[in-house]
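Next up: just one chain, as structure tokens, the form predicted alone.
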Amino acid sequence: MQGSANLNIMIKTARNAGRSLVKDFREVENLQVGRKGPGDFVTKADMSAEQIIRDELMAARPTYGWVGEETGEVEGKDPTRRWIVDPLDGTTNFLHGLPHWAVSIALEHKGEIVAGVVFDAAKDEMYYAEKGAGAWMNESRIRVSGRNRMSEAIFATGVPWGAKKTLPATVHDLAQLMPTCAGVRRWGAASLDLAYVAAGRYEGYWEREISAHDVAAGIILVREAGGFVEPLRADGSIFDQGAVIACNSGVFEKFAKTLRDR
């Protein structure tokens, strides 16, 4: 796809950050690791990747705002636009040598995500989408799955760990959902869960305790691939709730009802 100037900048930046991360991933046992909290690690690789992304995006668009996982929020001169970035989604996978992590970059305009990039550098899979232009993986257009039976559907989620408070609700979700479907996966990278929904690898994804930088880019991937993305609770917004549900059109209603009926 021939993208806009903004999307091309995002793709180039994600590749550069991904190259840096791949180098560190090859030497993961030598990384210096500091603990931010239970199950939530920050690494030199993570910080370095975020600095690469911030330097490149802010050099290209100096008036835009910024929200980064590690460096927080900075308001831009243009209050209508901001970058939302997770330089390394799946940090725990990364630290354990599991090749399932990604760079996630989204562009928000007037409260709406208008472009998103999720780069799985370990597998060299670049997912990207722009409002009205479809969703893509490398050079191929992607679409959500066409399955319409819950019994054939595979879903993904994030299981709470450490100090998170939503474990009982998530266990309830699993108890309600698993008897109705073909399986649930927990792979530890929300951005890739959404990318996989967009690519038709999963039928749906939900999570009860999630941050904007984890899901912002994936939201537009799913929508541009023909899927639905809503707050887990029907009222409010995804970012305010910190909870999301995404699915293809075939099983969305049944999937959402299963999770929302309590």
Ligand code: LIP
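Counting begins at 1, following the sequence as shown. Just so it is clear, the model here is predicted, and its values are computed rather than measured.
Beyond what is shown, the protein has a form predicted in complex with the named molecule; the following relates to that form.
J.: Would you kindly say which of V144, V103, A190, A106 lies with a heavy atom within 4.5 Å of the named molecule in the predicted bound form?
T.: By the 4.5 Å criterion, the partner-contacting residue is A190.
J.: To verify the annotation, which of these, K77, H172, R186, R149, has a non-hydrogen atom within 4.5 Å of the named molecule in the predicted bound form?
T.: Comparing distances to the named molecule in the predicted bound form, the residue within 4.5 Å is R186.
J.: Residues in which of 82-90, 131-139, 172-180, 118-126 have heavy atoms within 4.5 Å of the named molecule in the predicted bound form?
T.: The contacting stretch here is 82-90.
J.: If you check in the predicted bound form, is E50 within 4.5 Å of the named molecule, heavy atoms only?
T.: No, E50 sits far enough from the named molecule in the predicted bound form that none of its heavy atoms falls within 4.5 Å.
J.: Looking at the partner-bound form in the predicted bound form, is E224 within 4.5 Å of the named molecule by any heavy atom?
T.: Looking in the predicted bound form, residue contacts with the named molecule do not include E224, since no heavy atom lies within 4.5 Å.
J.: Residue-level contact is defined here as any heavy atom of the residue lying within 4.5 Å of the named molecule in the predicted bound form; does A199 satisfy this criterion?
T.: Contact check for A199: no, nothing within 4.5 Å of the named molecule in the predicted bound form.
J.: So in the predicted bound form, is the named molecule close enough to I210 to count as touching (4.5 Å, heavy atoms)?
T.: Yes, I210 lies within 4.5 Å of the named molecule in the predicted bound form.
J.: Can all three of F228, P231 and R233 be found with a heavy atom no more than 4.5 Å from the named molecule in the predicted bound form?
T.: The answer is no: none of the three residues contacts the partner (heavy atom, 4.5 Å cut-off).
J.: Within 211-234, which residues come within 4.5 Å of the named molecule in the predicted bound form, counting heavy atoms only?
T.: Counting only heavy atoms within 4.5 Å of the named molecule in the predicted bound form, the single contacting residue of 211-234 is D214.
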